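A single chain comes next, written as structure tokens; it is the form predicted alone.
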């Protein structure tokens, strides 16, 4: 609350109170609504933002109306164990979150352009994920929904069918594919058989008309076969609506595995150029995420997107003098702290 709270303030209709004020004990009866006071600052919040108040005083921001990068964090659980997972899974029973997710959807501004559903692995909610997508269709009919999944449970054709049956008109499932060979993909996700399940999942979603995106994280274990993987995607997943080559985020499991995973983007720029051009020349929609323009050949700048979420997107001081800065996706905050390319440098003149 921004207004000053007093004994005369009517709290009728409030689900909770979050304030910077120090409130005297009993001013707001606990049975009326939950109260968290003495918050240092509320400057990061705006009208129509959504937060969750925990009885222990912990406040979670669930939706920011000013952000283009809102996500519904479906679950902590995952059935893969990827070497570079940015959100390491936890083996917990968080099935009771579903009611919170459904309530959140009711509170989100219906003018929201897009929203992600991520985790953990959202399909582990099973029918719960179907309920979430159905709720999004009902309350957020103008909002594009992007589910980030490893695709393995779509191996079951009935599950892909049930998702398609919701009939959401702007739904896409983004699924990582790390190699054109089963043993390399399975090693990266640390799960034998995952490649076969994921590929069948792709096909089942495509068969039922659900738009799919192929996501390829670029690191030392994937870049040596980028061109092979591009050809594999074109020949086996021609129905994919989008292919994204994504730079490594050095958080989560990527931190202890950094020596295994790290490769300077400058060192695979030609492989990335060839893979990107291969797919684009054949009419596939391709993007490059999480790369700095000074590490990319100019010929593929047009495929580079400003993809890093606003709350973890930074630039180096040297970037302030770059004429391409406004077009550049910059860095993950974690990359600035941990490791980034040794070939970062400003363009004095924008390349033609």
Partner chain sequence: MPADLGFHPKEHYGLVSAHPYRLLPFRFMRWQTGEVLVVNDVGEHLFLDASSFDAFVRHRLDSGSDTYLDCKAKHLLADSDSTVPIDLLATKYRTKKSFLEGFTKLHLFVVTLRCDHSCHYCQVSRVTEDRERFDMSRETAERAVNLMFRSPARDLKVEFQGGEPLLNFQLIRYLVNYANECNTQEGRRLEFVIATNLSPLTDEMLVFMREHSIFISTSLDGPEAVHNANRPRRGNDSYEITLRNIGRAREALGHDRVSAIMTTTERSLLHPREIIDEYVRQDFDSIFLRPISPYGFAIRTRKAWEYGAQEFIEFYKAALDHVINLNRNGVAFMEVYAQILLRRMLTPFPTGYMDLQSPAGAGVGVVAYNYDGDVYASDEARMLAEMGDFSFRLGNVHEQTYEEIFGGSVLQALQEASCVEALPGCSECAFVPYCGADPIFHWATQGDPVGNRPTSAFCTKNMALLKHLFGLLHSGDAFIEKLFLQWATSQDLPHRLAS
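Quick caveat: nothing in here was measured; it's all calculated off a predicted structure. Positions refer to the first chain, counted from 1.
The same protein has a further form, the form predicted in complex with its partner chain, not shown here; the description that follows concerns it.
Here the chain stands by itself, but in the model of the complex one stretch of 139 to 147, 163 to 171, 77 to 85, 98 to 106, 77 to 85, has heavy atoms within 4.5 Å of its partner chain.
Highlighted residues 93, 118 and 121: none comes within 4.5 Å of its partner chain in the model of the complex, counting any heavy atom. Residue in contact with its partner chain in the model of the complex (any heavy atom within 4.5 Å), chosen from 273, 264, 213, 231: 231. A single residue from the set 72, 217, 133, 199 has any heavy atom within 4.5 angstroms of its partner chain in the model of the complex; that residue is 199. Although the partner is absent here, residue 269 is not a contact residue: none of its heavy atoms lies within 4.5 angstroms of its partner chain in the model of the complex. In the model of the complex, at least one heavy atom of residue 281 sits within 4.5 Å of its partner chain. In the model of the complex, its partner chain sits within 4.5 Å of a heavy atom of residue 186. None of the heavy atoms of residue 113 is located within 4.5 Å of its partner chain in the model of the complex.
Heavy atoms closer than or equal to 4.5 Å to its partner chain in the model of the complex belong, across 242 to 259, to the residues 253, 256, 257, ordered by sequence position.
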